[in-house]
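Before any questions on how it binds or moves, here is one chain, the form predicted alone, in structure tokens.
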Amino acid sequence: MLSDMTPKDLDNFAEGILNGLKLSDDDLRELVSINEKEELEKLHYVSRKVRDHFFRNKVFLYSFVYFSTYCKNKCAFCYYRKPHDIERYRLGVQEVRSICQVLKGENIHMVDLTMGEDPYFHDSPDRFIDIVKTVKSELDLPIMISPGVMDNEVLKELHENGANFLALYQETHDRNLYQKLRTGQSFDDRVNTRKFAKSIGYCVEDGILTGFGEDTESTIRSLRGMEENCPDMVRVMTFVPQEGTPLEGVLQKPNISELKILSIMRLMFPDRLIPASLDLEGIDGMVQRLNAGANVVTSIIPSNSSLEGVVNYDRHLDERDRDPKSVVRRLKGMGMEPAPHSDFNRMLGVVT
């Protein structure tokens, strides 16, 4: 598909995507199967052309507040799974307020409030609502919540009190793989929660893992599964084996698959938000993901923060190069810059 394409052909391919061209399953098979460096570079080029049409050189930045590492689930891939005997923390309102005060004045478009499915908040949702209210009052920015599956009525209350975005990753839309990853959890509950959230005004994010045993067909199934649910943001992350989990012995694969799928997502979701996470490979990894077609930087934390992340490549490092100023500095070195807040608010339908 790409191997014989000239630069003009690649520009025409990008133009076709912008004019509504849809990739067939055979197209996806061919793209997912790409392994040659030259073809990958062509794919990333087309992806950037499509992204730049909608977003030019502008990037959105999300801060990350992992406020509870307690969880009731037993996900096979997750460091914070309930059976894992690790040191955990749970932040209260005042601790979250202090983090917000550090973030004031930073070039951040949205705050991502993430937790495990912590019974402390799930059984008493007013505690979570108070966290959302606190962030809204301190920063007056859009808020993403990543709380796992929550009751519909609670989602309504959270939305009414300032939550704009729900992140709820499926990890895979292959049901057999799903059961191996999210042990004992309902596949349909996650799908239906995203659908309900979207129906009441949330923007929603879906995400998948790559590099843990999926094949071409299961990857296509996941891409089509995301497409069917019309998310506002889609992400792909490389599976990183975590110490103390059932999958800790799985060999970690290079990020080539993630970068390739990210570019394919850009062709399937031309005008959507696609993140480059700092949680996997830091700022150098961010650059690679932006060059593959991403337009969002996630997992930004204050320079002095000890907050956990989902993958936490830098868990044991003395310096964590994930603060807003470091990110903006590297963006400028790439010829990119943070988007105006008005652009992001407009995408979310947020009235300011």
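We number the residues from 1 along the sequence you see. Everything quoted here is computed from the prediction, not taken from an experiment.
One more form of this protein exists, namely the form predicted in complex with a small molecule; it is left out here, but the text below deals with it.
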Should Leu168 be counted as a contact of the small molecule in the predicted complex, where contact means heavy atoms within 4.5 Å?
-> yes
Please check if Ser146 has a heavy atom lying within 4.5 Å of any heavy atom of the small molecule in the predicted complex.
-> yes
Partner contact for Arg182 in the predicted complex: the small molecule, 4.5 angstroms, heavy atom | yes
Determine whether any heavy atom of Arg190 comes within 4.5 Å of a heavy atom of the small molecule in the predicted complex, and answer yes or no.
-> yes
Which residue among Ser218, Thr238, Asn164, Thr134 has a heavy atom within 4.5 angstroms of the small molecule in the predicted complex?
-> Thr238
Interface check vs the small molecule in the predicted complex: of Glu281, Asp232, Glu117, Asp174, the one with a heavy atom inside 4.5 Å is Glu117
Option from 74-82, 92-100, 191-199, 152-160 whose residues, in the predicted complex, bring a heavy atom within 4.5 Å of the small molecule | 74-82
